[in-house]
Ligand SMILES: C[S@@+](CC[C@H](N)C(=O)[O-])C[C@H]1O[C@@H](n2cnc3c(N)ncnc32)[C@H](O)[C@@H]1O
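Here's a solo chain for you in structure tokens, the form predicted on its own.
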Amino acid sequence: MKKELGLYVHIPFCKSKCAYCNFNSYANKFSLMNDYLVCLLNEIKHYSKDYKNNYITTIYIGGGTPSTLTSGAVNTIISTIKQNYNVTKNCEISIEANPNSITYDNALEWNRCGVNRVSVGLQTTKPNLLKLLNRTHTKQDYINAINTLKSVGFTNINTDLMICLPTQKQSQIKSAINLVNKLGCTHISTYSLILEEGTPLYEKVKNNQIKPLKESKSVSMYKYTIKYLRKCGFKQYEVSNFAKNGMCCKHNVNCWNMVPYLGFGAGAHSFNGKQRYSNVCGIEDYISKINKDYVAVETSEICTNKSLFEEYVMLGLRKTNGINLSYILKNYNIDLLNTKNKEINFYIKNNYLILENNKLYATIDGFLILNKIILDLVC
């Protein structure tokens, strides 16, 4: 029996590094792009023999900034995948892009080679906040990008927004959501700012150059964002993700549901249902390892029953449809309602969790303290 499998392709190149970003991405390394692409294609082909009995239902090209790839590169990547894997006819194929790197020509290429979902990183429409984040696009760049995507036939478009930024106001969130909705985007991802150690934004806060939003204002902004998105017809299906009817990101949903996925490229992660492994992060190291033996794995971990249970709870509670207690008992032999009765009752009583039909859901207030809830249920 053939099993479902998702593919992730990592493109680590960026024209500039955003001030908040700690992802595996690099600015000013475009001289390595051709060598990287050759190695990426070789890695894709190398693993195909081990996954002949899988149906590829999602492909996600992320980064970095995949929209900075040279002309024809996305077509080559997708063609190579289709030639070596059993890609389903209705496979969801996504690509991430920055507004100022979307042109008519690359949008047309993506559409013609099978990409059917584009995720555009707007983050904010305010010039001062864009500058703070070291984003190189403008509001008008974003508008032009969405109109370009629509002109070549894209109807499934996500926009990334950031909330809880220093000095940000709820009226600015409302304005950005209104713009995204007016332009016809079908999906919005809203990410609360996380100050990651080592990033320029973290250093500015540490050195008192800027002040982060107060916690009370951040909480209020998150709740407001959820309510206003709902008013605009976007249904929340995960902590940070909202979609119009039928437009959820299947690739992400599958990952949260622990459907196996295979990652290609520098720093890419993979999960085959029993084992997790990840590639080396550095572009040069990745190229060197692939050229040597077609494999760039740096870390590998066999999943235990306990670790799979922990991941199920952690990923499941991020979704609005929560976790299934009967599934946990059947698959991990853990009676969570019994073993964590005290903790669960506390969170239910204080409106952080809801227990219904043997499923456990997080409320909006629960999403705000989700890490604590997860730790209490798995430790």
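None of these values were measured; they are calculated from a predicted model. Each residue number is its position in the shown sequence, starting from 1.
A second form of this protein, the form predicted in complex with the ligand, is not displayed here; the remarks below concern that form.
Colleague: Taking heavy atoms and a 4.5 Å cut-off, does Leu368 contact the ligand in the predicted bound form?
Modeller: Contact with the ligand, no.
Colleague: Consider Glu96 of the chain shown here, and say whether it contacts the ligand in the predicted bound form, taking contact as heavy atoms within 4.5 Å.
Modeller: Contact with the ligand, yes.
Colleague: Should Asp141 be counted as a contact of the ligand in the predicted bound form, where contact means heavy atoms within 4.5 Å?
Modeller: No, no contact at 4.5 Å.
Colleague: So, Thr65 and the ligand: in the predicted bound form, are they within 4.5 Å at any heavy atom pair?
Modeller: Answer yes; at least one heavy atom of Thr65 falls within 4.5 Å of the ligand in the predicted bound form.
Colleague: Which of these residues, Tyr294, Tyr228, Tyr191, Tyr104, gets a heavy atom within 4.5 Å of the ligand in the predicted bound form?
Modeller: Exactly one listed residue reaches within 4.5 Å, namely Tyr191.
Colleague: Pick from Asp160, Glu109, Glu92, Glu238: which has a non-hydrogen atom within 4.5 Å of the ligand in the predicted bound form?
Modeller: It is Asp160.
Colleague: Tell me, please, which stretch of 71-79, 260-268, 216-224, 96-104 lies within 4.5 angstroms of the ligand in the predicted bound form when heavy atoms are compared?
Modeller: It is 96-104 that comes within 4.5 Å of the partner.
Colleague: Sequence order please: the residues of 122-151 with a heavy atom within 4.5 Å of the ligand in the predicted bound form.
Modeller: If the 4.5 Å heavy-atom criterion is applied to the ligand in the predicted bound form, 122-151 yields Gln123, Arg135.
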